[in-house]
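We begin with a single chain expressed as structure tokens, specifically the form predicted on its own.
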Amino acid sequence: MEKIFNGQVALVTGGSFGIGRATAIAFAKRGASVVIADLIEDAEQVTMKEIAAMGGKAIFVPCDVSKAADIATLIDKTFSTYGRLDFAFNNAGIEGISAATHECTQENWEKVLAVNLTGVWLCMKHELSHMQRRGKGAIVNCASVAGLIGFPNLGAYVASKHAVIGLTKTAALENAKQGIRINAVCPGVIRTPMVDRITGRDKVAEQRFIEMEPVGRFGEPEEVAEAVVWLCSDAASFVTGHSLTVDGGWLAS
């Protein structure tokens, strides 16, 4: 694989599992040094080990993206280790507790928005301050197909992901002439720990989701990762403010 990101640094939040793990590895395969941020590190350190096995460089930084102090520490650690930041995938997110809008608790509402929306804003706030000084950079925020349509009983999650798309567009316009591109990915049903929690790994529940997918299967984390690294690459040099669906045709059906 061509090392198109040699000498560059990528930050991935929620990088221990699922889409975040696949994206951290995808950046490393292309030569980037990677900063993996997550609330917890997976016990087997799979992400770090896979990157090390390919001769790549990576560090893990524990981080709660809803806390400004954690984000400041994360960025400081990125620069003290690598001295730069070229790409960021603001991916950390939670689904929250499933409940109808009138039954959603304030605690659940605030927790989901704190991670999924405030977390993305805090990350961009710090990432942009450094990228603006260099006049270059690319950021991808993880939204969802739930940021484009509604889903019953996931009001907080849906609201947070719609907001991420709006925030992405706004930040993209603000930075369009500063050499910084900002986009979002909107995954459909991807085989991740989050989807496993939603289905409980129940085969009947999984089949219901599969039947709604025009391609007839779940997506894989690596398929979203490929979209993220493309959006960060020079191949997407005229793409900013865009929300790219990676959903197997879900929204087209």
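Just so it is clear, the model here is predicted, and its values are computed rather than measured. Residue indices: 1-based, along the sequence shown.
Quick note: we don't show the form predicted together with a small molecule, though the next part is all about it.
Asker: Taking A88, Q132 and V229 as a possible spot, do all three reach the small molecule in the model of the complex with a heavy atom inside 4.5 Å?
Answerer: Per the other structure, none of A88, Q132 and V229 touch the small molecule.
Asker: Given the stretches 171-179, 100-108, 77-85, 140-148, which is the single one in contact with the small molecule in the model of the complex, using a heavy atom cutoff of 4.5 Å?
Answerer: Of the options, only 140-148 has residues within 4.5 Å of the partner.
Asker: Would A10 sit within 4.5 Å of the small molecule in the model of the complex, counting heavy atoms only?
Answerer: Looking in the model of the complex, residue contacts with the small molecule do not include A10, since no heavy atom lies within 4.5 Å.
Asker: Taking the small molecule as it sits in the model of the complex, is G216 in contact with it (heavy atom to heavy atom, 4.5 Å or less)?
Answerer: No.
Asker: With the partner left out of view, is A68 within 4.5 angstroms of the small molecule in the model of the complex by any non-hydrogen atom?
Answerer: It does not: once the small molecule is placed as it appears in the model of the complex, A68 has no heavy atom within 4.5 Å of it.
Asker: Consider I40 of the chain shown here, and say whether it contacts the small molecule in the model of the complex, taking contact as heavy atoms within 4.5 Å.
Answerer: So I40 counts as contacting the small molecule.
Asker: Which one of I94, L113, L128, A163 is close to the small molecule in the model of the complex, taking close to mean a heavy atom within 4.5 Å?
Answerer: Of the listed residues, the single hit is I94.
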